[in-house]
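Single chain ahead, written as C-alpha cells, the form predicted on its own.
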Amino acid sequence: MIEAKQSEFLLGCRDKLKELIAILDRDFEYASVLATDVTGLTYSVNQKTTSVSQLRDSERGFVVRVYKDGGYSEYSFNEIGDVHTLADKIRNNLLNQSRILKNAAKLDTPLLHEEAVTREFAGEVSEEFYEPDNQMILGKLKRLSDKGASYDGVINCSVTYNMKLINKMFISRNKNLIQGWGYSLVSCFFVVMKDEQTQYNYFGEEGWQGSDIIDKQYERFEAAYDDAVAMIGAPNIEPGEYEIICTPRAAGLIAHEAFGHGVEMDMFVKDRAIAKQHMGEKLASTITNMYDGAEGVKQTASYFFDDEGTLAQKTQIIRKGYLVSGICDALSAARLHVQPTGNGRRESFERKAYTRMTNTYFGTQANTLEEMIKATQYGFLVDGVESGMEDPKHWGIQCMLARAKEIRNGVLTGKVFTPVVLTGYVPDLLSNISMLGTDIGLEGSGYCGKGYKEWVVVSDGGPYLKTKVRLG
C-alpha cells in the first residue's frame, strides 16, 4: 500500500481556482469551488465474456457556489481557460440567478460561517490504482468465476471488480482543502438450477485495498452456494411477529432505512421527517447505539471532507436508546441553526448537494451469535439484503431480505424460507432490540438515492442483532 497521490489535474488548476474565487468575492458575500477528478475501471468476467471499461461514475469538473441577497446559487463547468473570462461568465449567470431568487419564494438561509483551514489528506491505496495490470486482474476474476461454475447446477457465475480513485479539492476565502483516496469492490453473482427450478445468490467485499480483495472470496463460495440451493423451492413465511436475528448486512439495512433517511436534516427544513419532533426522546432499547459518519472507518462512503468543504465526522444518532442527533449538510445546518456534520454530498459536480448518509451502523454489545440463537425459542436468522424503503413522516419501514433460517428451541433447524418481507414501526423495532454482537461488519456495494435520483455510494452495517418484528 502507498499514500494516495494528489491529482495532477487538480493541482494544476489550484492557482486559477484561487484567483477565480478572489474575483468572485468582489461581487458576492461568499464564493467557493469544488473541483473533482474521479477515475476508475470496471472489470467483468463470466463463462462467456470478459471486459474492461471506464468506471460509470468517473468525472472531472467544477462547481461554484455563491451567496447574495439571502440566497445561494451554483454554476458548474468542465474547463477553466482564461480566469477573467470565466469569472465574467459565472458572475453574469449567478447575478441573474440571484435577482430571480430575490423576487421568488425561497428558504431563508444565513451566510455560511467557515473557519479558516488549510489541509491536505491522503488515504492509503494499492499501487495498482495507478498502474493496473489488466491481464492479472482479469485472470484472478476468471479463476474466481470458474470456481463458482464448478459447483453442481451453477449455470452462470459473473464476477465484477471495480477500482475507483477519488480526488477532490475545495477552495473558498477561508478554506484550501485537497484529498485523495481510493477503494475497490468485488462482487460475485451466480445462478443455480436444481429440478428445473432456479435460484440466485451473491456476495462480495469492499475496502481501501487492491485486487488482493478478489483472492479472499474463494472461501465464501461454499456457504453462498449452500444458501442458494436451500432457497430452491423454499416456502414463504406465515405472516406474523417473530423474534429475529439479523446478520450484520441485514442490521445495516435496518440502520439505513430506520434512522438513516429519517434523520437527514434537509428533511427537517420542510417538516418532512417525524424525527424532528422527537429529538432527545427514548425511541430504542437502552443497549442501542447508532452512528453515521465518513470519519473513523475505511469503506466506500468514507472521505476526509464532504462536497461543501466540511471536515468528515462521526455522528452518534442514537445514544443508549435516545435519539440525540441528525446528520446535516451545510445549507440545511445554517437554516436550522445547527452545526453541519460533514454529510453534504453530490451525485456529481453537476448535481446539487444534499444531506446524505455515509457509513451508517449500529454499535456493539457483548453477545455472541451462539448466545442469540440459544436465547431464541422460535424465530429466524435473516440475511440476504435485497431492498428497503421507509416513510420518514410516519416511521414505517419495509425491508426485503432473501432468506430466513428457522430457529426452534435455541437451535437452527436447517429449514429456510424465502423471500422475506420485514415491516413495522421503527420505534417498536428498535425498542425490541435485546441483544447485540461484539463485531461490526460494514457492507458498501450499494448506491442510495434521494427519492428516485441523486445516487451516491453508501455503506451500512453493525453487529449481529436480535429483535422482534413482523415478517411476511
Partner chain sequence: MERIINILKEAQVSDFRIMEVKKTSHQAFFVRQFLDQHRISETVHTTLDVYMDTEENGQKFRGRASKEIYPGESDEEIRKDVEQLKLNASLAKNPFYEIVKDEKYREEEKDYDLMSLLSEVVQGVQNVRDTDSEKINSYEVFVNGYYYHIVNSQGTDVAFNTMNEEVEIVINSVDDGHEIEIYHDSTFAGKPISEITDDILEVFRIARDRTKAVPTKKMMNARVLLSGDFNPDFFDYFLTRTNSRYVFYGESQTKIGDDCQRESEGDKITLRLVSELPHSSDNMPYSKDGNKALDLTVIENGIYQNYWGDQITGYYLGMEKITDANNFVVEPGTKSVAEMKQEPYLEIIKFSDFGMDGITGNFGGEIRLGYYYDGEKVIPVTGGSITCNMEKSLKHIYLSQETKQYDNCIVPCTIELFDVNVAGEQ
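Note that the structure is a prediction, hence the values are computed from the model and not measured. Residue numbers count along the first chain shown, from 1.
The following text describes the form predicted in complex with its partner chain, which does not appear among the structures shown.
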Given 166-174, 310-318, 218-226, 199-207, the stretch touching its partner chain in the model of the complex at heavy atoms within 4.5 Å is 199-207
Exercise. Judged by heavy atoms and a 4.5 Å cut-off, are E127, K142 and T438 together in contact with its partner chain in the model of the complex?
Worked result: no
Only hit among S150, Q377, N236, T118 for heavy atom within 4.5 Å of its partner chain in the model of the complex is N236
Discussion item. Can you tell me whether S302 touches its partner chain? I mean in the model of the complex, with a 4.5 angstroms heavy atom cut-off.
Written reply: no
(request) State yes or no: in the model of the complex, is some non-hydrogen atom of E59 no more than 4.5 angstroms from a non-hydrogen atom of its partner chain? (result) yes
If you check in the model of the complex, is A87 within 4.5 Å of its partner chain, heavy atoms only? no
> Does the 4.5 Å heavy atom contact test between D391 and its partner chain in the model of the complex come out positive?
Replying inline: yes
In sequence order, the residues of 32-70 that place a heavy atom within 4.5 Å of its partner chain in the model of the complex are V38, L41, N46, K48, T49, T50, S51, V52, S53, Q54, S58, E59, R60, V63
